[in-house]
Each structure stands twice: as structure tokens, then as C-alpha cells.
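Read the single chain below, which is given as C-alpha cells and is the form predicted on its own.
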Amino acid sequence: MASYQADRLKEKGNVAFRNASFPEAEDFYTQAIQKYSNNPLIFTNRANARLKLQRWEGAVNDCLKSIEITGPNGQNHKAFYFLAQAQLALHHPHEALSSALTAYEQVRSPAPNAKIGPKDLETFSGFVLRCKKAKFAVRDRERLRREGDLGAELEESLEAQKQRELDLVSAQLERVELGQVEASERGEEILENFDRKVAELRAVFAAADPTNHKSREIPDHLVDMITFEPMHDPVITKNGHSYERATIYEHLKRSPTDPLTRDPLTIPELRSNFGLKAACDEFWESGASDWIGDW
């Protein structure tokens, strides 16, 4: 009986969520949990609502509870994906990357009868890359700070300012001083301004001291979306996805499908991507081998 009542409340929460009424959705999911607290999907759904409301710590707690219910080996890719989002928002890129990789692996090799969306692999792999870049950025700032670099100190000041502005938006959303759409737009604007300022700052220091401020960035299109490492010898599929040759060969020996789309794919259908190979060669020849270990 309690489980049935909880399912009814969960469905009401789902309707509210689809209507973008996230506070109402959170409330229905909370009521459902009070009726029956052993359904991991209810915690996952509430975590998603809390992500929309930028209640990061609450989302973390819900995801961890959902994962606890399903067990360490249970299929719960959405909980790990939502957990990664909340952890990244809380500036824990190491933990976020671990959670995102778990979600990605569960979608890439799902359990029988797991509900996997057609775009889940692309979405999750993209988020893994985002977490990996965030983790690398933290490591790079730490390296520069140890070297007494002024640019690193200025970047940390920009990071602190960004966080204060994001915290303010979250507080205004919590007090209902901002609507969900406006809060989301302001958050995106803050992140865009931060990225622009960091890029401008790095350009200034690179121009002033090119020897000690070489670019340590990896363009997204050079990254193999199976291993999330920069490529050396890329090949392209009939759908236009590029992978490291050795990585995709190994994958196709186990499963004759495109890793991202799951469309049928065989080794003879792969073609060398000469244009991307030239970009990869330029990247490696720029001295990337000297610092890629930090990636």
C-alpha cells in the first residue's frame, strides 16, 4: 500500500517536473519518500529536481541514497550522472569525474533490461570530458601557484568571484527572487564571462612570457571519446565520429557497433581521418608530451 501511494506521488512529481514546476516536483518526491523510502528512482528524480533548483548538496545526498539502495554493482547511471553534475557545481572535479565515468561505463555496457536513451552515450561522454577538463584546470592552477606564478593567483581571484556570483544566483533562486529561466540564464552568463576573462588573462601572460606560458589546452575535437585521451592516429566512421585507431579496433573486436551511436560498425568501414591527423600531429609537436601526464 505504501509503495503504491509513493508511486502515485512520484507520478505527480514527474508531471510537475515536465511542467518545469521544480519546487512542486521536489515536494511531491519528498512526500513519496516519506511514504516509501526504498525506491531508488524517487531519490534520483528528486535529485534531478534539486539540480534544477541549484540545491547541490541535497542533490548529492539523494544520489548517494539512490546508489546505496541499488547497491555498488547495481545499474543506476542516472544517479551517478546527476551526482557528477552536483559535485562539479560544488567544485569537486575529481569526485565529479569519477561519478561521470561510472555513469558512462554503465551506459556503454548496460545491465540487461536497463533503460538507456539513444543520446545517453553522447551526453554522458561529453560530460566526462567536461569534468576531465575541470580537473585538469585545477591541476594546472596548482602547478602555476607552486611556481609562484602571478597569473595563477589572478585566475584564483576570478574563480572566487565567479563562485560568489553563482552562490548569489542560487540564493536568489532559493528565495524565489529569481525564476528558474532567469537564474539559468544568469548562471550561463557568469560562466561565459569567467571563461572569457581567463582566456584574455592567459593570452596576456602568454604574450609577455611565451616560454613559461605555453598553451596547455586540448581541443575537444582531438580527444578520443572512448578513452578521453588526445589522439595520435584518428580514424573516422561512416557517421562522422572519430576515434583513436587502436582504441576503436579493440572496441570493435568486442562489439561491432559505434561506441556512441550503437549503429553497426566494422573495422573495414573505418577510414583514416587525414585532416584530423594533421591537427593531432601539430598538437603533439607543440610540446604536449611534456605536460600531457597532468591530463
Partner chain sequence: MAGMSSKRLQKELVKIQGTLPPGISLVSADNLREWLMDLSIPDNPIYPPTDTYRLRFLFSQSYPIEAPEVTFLPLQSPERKIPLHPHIYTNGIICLDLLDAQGWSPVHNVESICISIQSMLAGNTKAERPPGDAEFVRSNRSRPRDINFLYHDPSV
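Note that the coordinates shown come from a computational prediction; the quantities given were computed from them, not determined experimentally. Take the two forms, find the largest set of C-alpha atoms that superpose within 1.5 Å, and that set is the rigid core. Positions refer to the first chain, counted from 1.
The form predicted together with the partner chain exists for this protein as well; it is not shown, and the discussion that follows is about that form.
Comment: 249-257 is the region of 25-33, 249-257, 65-73, 232-240 lying near the partner chain in the predicted complex, near meaning a non-hydrogen atom within 4.5 Å. Using a 4.5 angstroms heavy atom cutoff to the partner chain in the predicted complex, none of N61, H91 and S170 count as contacting. Site annotation in the predicted complex: the residue of K119, R196, K115, R164 reaching within 4.5 Å of the partner chain with a heavy atom is K119.
Residue contact with the partner chain in the predicted complex: W56 places no heavy atom within 4.5 Å of it.
Taking the partner from the other structure, the partner chain in the predicted complex has a heavy atom within 4.5 Å of a heavy atom of M225. In the predicted complex, the partner chain sits beyond 4.5 Å of every heavy atom of S184. Taking non-hydrogen atoms only, T123 approaches the partner chain to within 4.5 angstroms in the predicted complex. Within 4.5 angstroms of the partner chain in the predicted complex, the stretch 183-197 places no non-hydrogen atom at all. Annotation: Cα of D120 displaced by less than 2 Å between this form and the one not shown, core superposition.
With a cut-off of 2 Å and the rigid core superposed, M231 has a Cα displacement that reaches or exceeds the cut-off between this form and the one not shown. Compared with the form shown, the E122-I248 C-alpha separation decreases in the predicted complex, the change being 3 Å or greater. A shift of at least 3 angstroms brings the Cα atoms of A134 and R245 nearer to each other in the predicted complex than in the displayed structure.
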